[in-house]
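As a starting point, one isolated chain is supplied in C-alpha coordinates, in the form predicted alone.
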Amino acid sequence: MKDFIKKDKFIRILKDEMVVLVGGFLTNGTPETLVDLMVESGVKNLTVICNDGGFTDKGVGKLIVNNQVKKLIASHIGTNPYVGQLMQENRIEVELVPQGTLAERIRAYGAGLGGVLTPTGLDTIVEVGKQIIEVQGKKYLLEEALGADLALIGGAVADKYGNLKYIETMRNFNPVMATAAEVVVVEPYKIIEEINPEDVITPFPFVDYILVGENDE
(Lines give C-alpha, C1' and ligand atoms only; values in the text may rest on other atoms or scores of the structure.)
Protein backbone atom coordinates (compact mmCIF):
# COMPACT_ATOMS: atom_id res chain seq x y z
CA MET A 1 0.00 0.00 0.00
CA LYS A 2 1.08 3.58 -0.66
CA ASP A 3 2.40 5.87 2.07
CA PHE A 4 -0.47 8.05 3.26
CA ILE A 5 0.62 11.26 4.97
CA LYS A 6 -1.02 14.01 6.95
CA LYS A 7 -0.33 17.70 7.33
CA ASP A 8 2.68 17.59 9.65
CA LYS A 9 4.64 15.06 7.61
CA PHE A 10 4.01 16.96 4.39
CA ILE A 11 5.22 20.22 5.90
CA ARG A 12 8.42 18.47 7.02
CA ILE A 13 9.16 17.65 3.38
CA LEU A 14 9.20 21.32 2.43
CA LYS A 15 12.45 23.28 2.18
CA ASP A 16 13.35 26.83 1.19
CA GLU A 17 14.63 27.20 -2.39
CA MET A 18 12.70 24.16 -3.64
CA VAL A 19 11.63 23.80 -7.26
CA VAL A 20 7.97 22.80 -7.23
CA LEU A 21 5.68 21.57 -10.01
CA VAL A 22 2.02 22.33 -9.33
CA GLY A 23 -0.68 20.67 -11.42
CA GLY A 24 -3.79 22.41 -12.68
CA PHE A 25 -5.08 24.72 -15.36
CA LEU A 26 -6.52 27.98 -13.99
CA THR A 27 -6.77 26.03 -10.70
CA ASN A 28 -8.86 23.26 -12.29
CA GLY A 29 -7.07 20.19 -10.96
CA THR A 30 -4.85 22.18 -8.61
CA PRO A 31 -4.27 20.54 -5.20
CA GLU A 32 -5.56 23.46 -3.13
CA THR A 33 -5.01 21.86 0.28
CA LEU A 34 -1.36 21.13 -0.51
CA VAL A 35 -0.89 24.72 -1.68
CA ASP A 36 -2.54 25.96 1.52
CA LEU A 37 -0.15 23.85 3.59
CA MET A 38 2.79 25.37 1.73
CA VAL A 39 1.45 28.82 2.54
CA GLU A 40 1.02 27.83 6.18
CA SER A 41 4.56 26.42 6.35
CA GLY A 42 6.13 29.74 5.36
CA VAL A 43 8.62 28.02 3.04
CA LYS A 44 10.21 30.68 0.84
CA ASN A 45 12.31 31.46 -2.22
CA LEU A 46 10.47 28.84 -4.25
CA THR A 47 10.68 28.27 -7.97
CA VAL A 48 7.18 27.28 -9.06
CA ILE A 49 6.42 25.62 -12.39
CA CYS A 50 2.74 25.74 -13.27
CA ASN A 51 0.51 26.37 -16.27
CA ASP A 52 -0.33 29.85 -14.96
CA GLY A 53 -0.13 32.22 -12.01
CA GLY A 54 -3.48 31.12 -10.59
CA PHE A 55 -5.63 33.77 -8.97
CA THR A 56 -4.83 35.99 -6.01
CA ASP A 57 -6.92 33.71 -3.77
CA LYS A 58 -6.60 30.35 -5.55
CA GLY A 59 -3.89 27.99 -6.71
CA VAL A 60 -0.25 29.04 -6.80
CA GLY A 61 -1.45 32.64 -6.63
CA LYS A 62 -1.76 32.21 -2.87
CA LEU A 63 1.96 31.46 -2.64
CA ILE A 64 2.79 34.43 -4.85
CA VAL A 65 0.61 36.84 -2.86
CA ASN A 66 2.33 35.59 0.29
CA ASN A 67 5.72 36.46 -1.29
CA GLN A 68 7.02 32.89 -1.09
CA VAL A 69 7.92 32.57 -4.78
CA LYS A 70 11.13 33.97 -6.25
CA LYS A 71 10.59 32.57 -9.76
CA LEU A 72 7.51 31.49 -11.70
CA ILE A 73 7.74 29.43 -14.87
CA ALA A 74 4.35 29.47 -16.56
CA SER A 75 2.41 29.98 -19.78
CA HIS A 76 0.50 33.08 -18.67
CA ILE A 77 -0.10 35.30 -15.65
CA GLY A 78 -3.07 37.41 -16.70
CA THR A 79 -5.47 35.96 -14.13
CA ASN A 80 -3.26 37.13 -11.26
CA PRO A 81 -2.48 40.88 -11.57
CA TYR A 82 -0.24 40.70 -8.51
CA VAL A 83 2.33 38.76 -10.52
CA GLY A 84 2.60 41.65 -12.99
CA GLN A 85 2.99 44.11 -10.13
CA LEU A 86 5.81 42.05 -8.59
CA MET A 87 7.51 41.82 -11.99
CA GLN A 88 7.47 45.59 -12.40
CA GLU A 89 8.96 45.96 -8.93
CA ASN A 90 11.65 43.32 -9.70
CA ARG A 91 10.41 41.23 -6.79
CA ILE A 92 9.76 38.08 -8.80
CA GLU A 93 11.33 36.53 -11.88
CA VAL A 94 8.84 35.24 -14.45
CA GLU A 95 9.75 32.95 -17.33
CA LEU A 96 6.88 32.79 -19.80
CA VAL A 97 6.85 29.58 -21.85
CA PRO A 98 4.43 28.70 -24.67
CA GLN A 99 1.96 26.21 -23.24
CA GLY A 100 2.79 23.30 -25.53
CA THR A 101 6.49 23.89 -25.01
CA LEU A 102 5.98 23.93 -21.24
CA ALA A 103 4.24 20.56 -21.33
CA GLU A 104 6.92 19.08 -23.58
CA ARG A 105 9.79 20.35 -21.41
CA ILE A 106 8.26 18.66 -18.39
CA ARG A 107 7.53 15.49 -20.35
CA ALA A 108 11.13 15.45 -21.59
CA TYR A 109 12.47 15.47 -18.04
CA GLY A 110 10.21 12.60 -17.06
CA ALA A 111 11.38 10.64 -20.10
CA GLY A 112 15.03 11.22 -19.29
CA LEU A 113 15.62 13.54 -22.24
CA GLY A 114 17.73 16.68 -22.22
CA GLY A 115 15.06 18.76 -23.91
CA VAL A 116 12.99 19.15 -27.06
CA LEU A 117 13.35 20.93 -30.40
CA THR A 118 10.52 23.24 -31.42
CA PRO A 119 9.98 26.01 -33.97
CA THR A 120 7.63 27.78 -31.57
CA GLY A 121 9.14 31.10 -30.53
CA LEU A 122 11.61 31.50 -33.37
CA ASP A 123 12.15 35.14 -34.32
CA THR A 124 10.44 36.31 -31.12
CA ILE A 125 11.58 37.24 -27.63
CA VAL A 126 11.17 33.56 -26.73
CA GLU A 127 14.39 32.67 -28.56
CA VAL A 128 16.58 35.12 -26.61
CA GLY A 129 19.46 33.27 -24.96
CA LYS A 130 18.50 29.89 -26.42
CA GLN A 131 20.38 27.62 -28.74
CA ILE A 132 19.08 27.36 -32.32
CA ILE A 133 19.65 23.99 -33.98
CA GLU A 134 19.17 23.24 -37.67
CA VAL A 135 17.73 19.84 -38.61
CA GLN A 136 17.13 18.86 -42.24
CA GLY A 137 17.28 22.47 -43.27
CA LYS A 138 14.81 23.71 -40.66
CA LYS A 139 15.61 25.78 -37.57
CA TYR A 140 14.44 24.85 -34.09
CA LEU A 141 14.85 26.20 -30.58
CA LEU A 142 16.39 23.86 -28.06
CA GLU A 143 14.08 23.98 -25.04
CA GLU A 144 15.70 22.27 -22.08
CA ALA A 145 13.88 19.76 -19.89
CA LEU A 146 12.13 20.97 -16.73
CA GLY A 147 12.08 18.91 -13.55
CA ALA A 148 11.56 19.65 -9.88
CA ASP A 149 12.30 18.65 -6.32
CA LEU A 150 8.60 18.26 -5.58
CA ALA A 151 5.40 17.79 -7.60
CA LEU A 152 1.97 18.54 -6.16
CA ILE A 153 -0.74 16.63 -8.00
CA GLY A 154 -4.51 17.15 -7.86
CA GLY A 155 -7.68 16.20 -9.70
CA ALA A 156 -7.15 12.48 -9.22
CA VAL A 157 -8.92 9.45 -7.87
CA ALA A 158 -6.37 7.24 -6.09
CA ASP A 159 -6.49 3.64 -4.98
CA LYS A 160 -4.81 2.19 -1.92
CA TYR A 161 -1.76 1.24 -3.98
CA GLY A 162 -1.20 4.77 -5.24
CA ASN A 163 -2.41 4.36 -8.80
CA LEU A 164 -4.19 7.42 -10.17
CA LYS A 165 -6.90 8.19 -12.67
CA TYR A 166 -8.01 11.74 -13.35
CA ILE A 167 -11.37 13.46 -13.39
CA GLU A 168 -12.13 14.84 -16.85
CA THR A 169 -10.34 18.14 -17.52
CA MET A 170 -8.61 18.03 -14.13
CA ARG A 171 -6.14 15.74 -15.85
CA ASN A 172 -4.36 18.60 -17.72
CA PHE A 173 -0.73 18.96 -16.54
CA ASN A 174 -1.01 16.55 -13.62
CA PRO A 175 0.06 13.25 -15.27
CA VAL A 176 3.16 14.66 -16.93
CA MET A 177 4.21 16.52 -13.77
CA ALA A 178 3.95 13.29 -11.77
CA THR A 179 6.82 11.89 -13.86
CA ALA A 180 9.17 14.85 -13.44
CA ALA A 181 9.96 15.32 -9.74
CA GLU A 182 12.06 13.69 -7.06
CA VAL A 183 9.08 13.55 -4.68
CA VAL A 184 5.43 13.37 -5.80
CA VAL A 185 2.60 14.15 -3.39
CA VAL A 186 -1.03 13.65 -4.43
CA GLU A 187 -4.09 15.33 -2.97
CA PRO A 188 -6.79 12.93 -4.18
CA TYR A 189 -10.37 13.86 -4.90
CA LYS A 190 -11.21 10.52 -3.33
CA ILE A 191 -9.57 7.20 -2.48
CA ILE A 192 -11.04 3.88 -3.60
CA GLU A 193 -10.01 0.29 -3.01
CA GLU A 194 -8.64 -0.43 -6.48
CA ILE A 195 -8.60 1.17 -9.95
CA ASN A 196 -9.15 -0.94 -13.05
CA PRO A 197 -5.67 -1.26 -14.61
CA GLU A 198 -7.11 -0.09 -17.94
CA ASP A 199 -8.09 3.22 -16.30
CA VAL A 200 -4.74 3.98 -14.61
CA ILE A 201 -3.05 7.10 -15.98
CA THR A 202 -0.32 7.54 -13.36
CA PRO A 203 1.00 4.18 -12.11
CA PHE A 204 1.89 3.86 -8.43
CA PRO A 205 5.71 3.89 -8.87
CA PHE A 206 5.51 7.60 -9.72
CA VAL A 207 3.64 8.44 -6.50
CA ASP A 208 5.49 8.85 -3.20
CA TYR A 209 2.76 10.13 -0.86
CA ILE A 210 -1.01 10.57 -0.77
CA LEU A 211 -2.40 13.28 1.49
CA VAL A 212 -5.23 12.36 3.83
CA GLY A 213 -7.16 14.43 6.34
CA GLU A 214 -6.41 14.58 10.04
CA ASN A 215 -9.40 12.37 10.84
CA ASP A 216 -8.79 9.78 8.11
CA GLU A 217 -7.61 6.37 9.24
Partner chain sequence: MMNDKEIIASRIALELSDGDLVNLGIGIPTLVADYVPKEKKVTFQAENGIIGLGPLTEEDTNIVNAGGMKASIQKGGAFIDSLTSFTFIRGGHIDITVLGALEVDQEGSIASWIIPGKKVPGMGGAMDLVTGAKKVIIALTHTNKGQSKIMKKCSLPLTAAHQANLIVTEMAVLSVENDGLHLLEVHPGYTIDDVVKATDADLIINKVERMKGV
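All of these numbers come straight from a predicted model, not from anything done at the bench. Residue numbers count along the first chain shown, from 1.
Only in words, not in the display: the form predicted together with the partner chain, which the text now covers.
Three-residue candidate spot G147, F206 and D208; no residue lies within 4.5 angstroms of the partner chain in the predicted bound form by any non-hydrogen atom.
The partner chain is not shown here, and in the predicted bound form it never comes within 4.5 Å of any heavy atom of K71. The partner chain is not drawn, but in the predicted bound form it has a heavy atom within 4.5 Å of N28. At least one heavy atom of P175 is located within 4.5 Å of the partner chain in the predicted bound form. Contact annotation for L96: at least one heavy atom lies within 4.5 Å of the partner chain in the predicted bound form. Look at 167-175, 61-69, 180-188, 35-43: in the predicted bound form, residues with non-hydrogen atoms within 4.5 angstroms of the partner chain sit in 167-175. Residues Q99, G100, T101, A103, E104, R107, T118, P119, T120, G121, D123, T124, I125, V126 are the ones in 99-132 with at least one heavy atom within 4.5 Å of the partner chain in the predicted bound form, listed in sequence order.
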